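So this first bit is one chain, no partners, the form predicted alone, shown in structure tokens.
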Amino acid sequence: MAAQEVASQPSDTLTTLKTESETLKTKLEEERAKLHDVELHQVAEKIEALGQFVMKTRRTLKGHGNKVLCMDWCKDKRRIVSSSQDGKVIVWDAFTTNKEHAVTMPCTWVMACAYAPSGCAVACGGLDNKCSVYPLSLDKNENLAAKKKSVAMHTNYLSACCFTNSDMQILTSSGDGTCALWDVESGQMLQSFHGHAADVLCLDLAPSETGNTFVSGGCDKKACVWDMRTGQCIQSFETHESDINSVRYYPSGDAFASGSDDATCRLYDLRADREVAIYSKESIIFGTSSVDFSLSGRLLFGGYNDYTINVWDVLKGTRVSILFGHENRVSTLRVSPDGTAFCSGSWDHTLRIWA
């Protein structure tokens, strides 16, 4: 009898469950707020302000025929892989600006690319819904496309990919609302991560060698921290007012930053389980497409849709510099592994190395 009653009112039970989850959420927020005693910039008041520093474009990498969408540094601190809307994936020597390898993908809009930890392969993908791995060799004339290996398959576009701490596993995020961990050799899915309510746009792996977590952000304005072993979302943060375009772990692994279409960057502390800083200014009205930390973690670089790169003091929450140079929106930005420079890619078809 009770079952019939429940069956006859599925919409009612849904509404009650929805309201229950909302009240629980509010209670959680209240509990979180009780622990919120002091702001990061208040704690940092006694710390010396950063002095003037000059950062300039030291190299400009030209060769893409369309918008640069993604880039990644090799662990050798010298090589860069970049992908663009024209379907090209190019491996550069950042010192000499020479192109070492180029691959034309079967699709345009190659939205994700990553360098393998060993430096012997690159992964990329985009509107083909796949993540493909290309082994690199010293022979410049070799046909890379012939050695291509399709590793991951999603049901929508590939938005980001990154190798775990070995060449053998790759993490991907997709417009189908999921992230997944794949075995490169067999192409088998090892773990899938469900929890976003819309397209997942970005991911970043925790920096420690033993870390089994990664963070993802998406169109549901949510940033989720995942356990790679269980596939569970262990923490989630919903304070942005629009899509999260980029997430990046703090070098210590205890916090992460996110950049969003709401024109702010935010810092979330994993141990405090909350947002601890917002990096924004009245005058900044364009979204952030990409964020990354300096090696020390004191600076946060943000690439914006108004063609600029803003440099923030992470502790004080103030902007310490603004970099001009790109002639269209900055789409991707990564600090080099040794922290001496950073590279930005833009819709103006170029990449710039700043130091």
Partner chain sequence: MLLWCNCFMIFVDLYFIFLLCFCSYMVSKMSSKMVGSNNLAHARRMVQQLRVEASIERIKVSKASADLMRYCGENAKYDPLLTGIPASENPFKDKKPCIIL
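Positions refer to the first chain, counted from 1. Please read these numbers as outputs of a predicted model, since none were measured by experiment.
Missing here is the form predicted in complex with its partner chain; even so, the following discussion is about that form.
- Checking Ile90, Met105, Leu267, Leu203 for any heavy atom within 4.5 Å of its partner chain in the predicted bound form turns up a single hit: Leu267.
- When its partner chain is considered in the predicted bound form, Lys281 lies well away from it, no heavy atom lying within 4.5 Å.
- Taking non-hydrogen atoms only, Ile309 never approaches its partner chain to within 4.5 angstroms in the predicted bound form.
- In the predicted bound form, none of the heavy atoms of Tyr134 sits within 4.5 Å of a heavy atom of its partner chain.
- In the predicted bound form, at least one heavy atom of Ala44 sits within 4.5 Å of a heavy atom of its partner chain.
- Contact annotation for 225-256: residues with any non-hydrogen atom within 4.5 angstroms of its partner chain in the predicted bound form are Gln232, Cys233, Ile234, Gln235, Ser236, Tyr250, Pro251, Ser252, Ala255, listed in sequence order.
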